[in-house]
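Only one chain comes next, encoded as structure tokens, the form predicted alone.
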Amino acid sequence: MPSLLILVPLIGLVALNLPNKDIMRKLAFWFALGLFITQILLAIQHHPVFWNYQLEKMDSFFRVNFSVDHLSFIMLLCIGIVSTASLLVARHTIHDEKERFKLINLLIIASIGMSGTVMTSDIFSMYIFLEITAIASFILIAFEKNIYALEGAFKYLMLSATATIMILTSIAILILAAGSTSFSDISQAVRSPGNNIVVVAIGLFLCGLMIKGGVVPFHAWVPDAYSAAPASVSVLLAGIVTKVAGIYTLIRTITAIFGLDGATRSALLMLGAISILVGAFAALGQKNMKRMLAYSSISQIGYIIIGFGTGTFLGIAGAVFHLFNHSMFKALLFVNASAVESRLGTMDMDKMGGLSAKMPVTGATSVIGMLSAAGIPPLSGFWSKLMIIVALWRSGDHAYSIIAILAGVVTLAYLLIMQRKAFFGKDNESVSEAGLGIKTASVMLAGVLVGIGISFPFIFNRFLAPLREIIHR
């Protein structure tokens, strides 16, 4: 049942921090790896024995309304894959065993928060799990305790605290209006005519989620947090944390509670288009690889928002699919940035060059991630962008469709610049290929992008078509 994805990691955390820490430090990696792989398999299988079996004592222990649907399965799959990649990078970039043990603990806490967020069916429980994720993320960003890490963590903390105030204020108003915290009860209260204070609550809630998701103009923390965080943490933040904390929650609350009316659609389309353009053109001017990828994330999040803003099944399914694809190709590019940083000790692309000859796995998988991010067929990123562009055109939002196409050209341009500066040119004799864990993470993520792109019809029927029920319920 869903609560096991919270209970088992929680019990494991307690056990790992009991006496005999030397033994537990050695077991921590394998325990976390087992957790994440199990979650991946359960999300893929949708096994009814696990998901439908109810254990009343466990439910009463949590006092949380857990509920899963196809959107939850997609997000749980994202969380499992990206957390696995982050764990593998941590194993080969953090050499101090005690420090690595601390990071693994925080990684498990973050996964508990994210998994809880995507499985709850009441708004206050969602907020609790969001804060668990945010607190773990703040500590992870500041993990190395240098000036840049502390600056990035401070910016994240300040903006996240602002978002928290907005979300809590909104929840308080919505509970007073509905008398309950469940999505269904609040949805009925929101749709009641003449309740103007609820409109204010909706605006506050959505702004809070956009801050956590790094949507323009709430994106100031993203480049500093992504670039200052340790290698494995950058993978986690860019790959899944902002997607769960800001974008998934936005999609879930709008579809389940608020609804996509004309004003909401217009705001989403406008903010999505601005995010696409600001992120893409800001990425063009970056010399630091991580900062370029951070601005790229802002642009790609814009595609998700603009697809969702169409309000059509095709657009929303495309947005959810692009959310998944973005998690995969952005995690891959940050894994490869970690590989480069571990060998050169810098993220300045002007000091790189010729790395593909000595780092063939990193270079080849970076090409796959780059092409998928730019929407080049037959990789998975092509299909999600195509769905979004077609949905925009069909819904009559032709200008936004053209913006999405042209921004794809800009995306390809800055990623080609990154690839040329880092991996092409004269051979760099001073480097060697990254460690086994980083290579394994790169190949795993690249395999997902290629495999899903080739098997898109099957993926659409199994994972995306069932979203129609969630969107129109």
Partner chain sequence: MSGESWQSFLTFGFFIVLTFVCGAYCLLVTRNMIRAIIGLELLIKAVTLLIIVVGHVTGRVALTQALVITIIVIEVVVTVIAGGIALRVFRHNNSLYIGDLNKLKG
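Source: prediction; values computed, not measured. Residue numbers count along the first chain shown, from 1.
The form predicted in complex with its partner chain exists for this protein as well; it is not shown, and the discussion that follows is about that form.
When its partner chain is considered in the predicted bound form, only one residue from L168, L314, I376, V361 comes within 4.5 Å through any heavy atom, namely L168. Shown without its partner, this chain lists M352, A153, L271, I81 as candidates; in the predicted bound form, only A153 has a non-hydrogen atom within 4.5 angstroms of its partner chain.
Contact check for T133: no non-hydrogen atom falls within 4.5 Å of its partner chain in the predicted bound form.
Using a 4.5 angstroms limit between non-hydrogen atoms, M158 touches its partner chain in the predicted bound form.
When contacts are judged by a 4.5 Å heavy atom cut-off, R291 counts as touching its partner chain in the predicted bound form. In the predicted bound form, no heavy atom of E341 sits within 4.5 Å of its partner chain. Contact with its partner chain in the predicted bound form, judged as any non-hydrogen atom within 4.5 angstroms, is confined among 111 to 119, 169 to 177, 385 to 393, 304 to 312 to 169 to 177. Every member of the trio I139, K145 and Y295 reaches its partner chain in the predicted bound form with some non-hydrogen atom inside 4.5 Å. Although its partner chain is not shown here, in the predicted bound form the stretch 114 to 129 places heavy atoms of F124, Y127, I128 within 4.5 Å of it, in sequence order.
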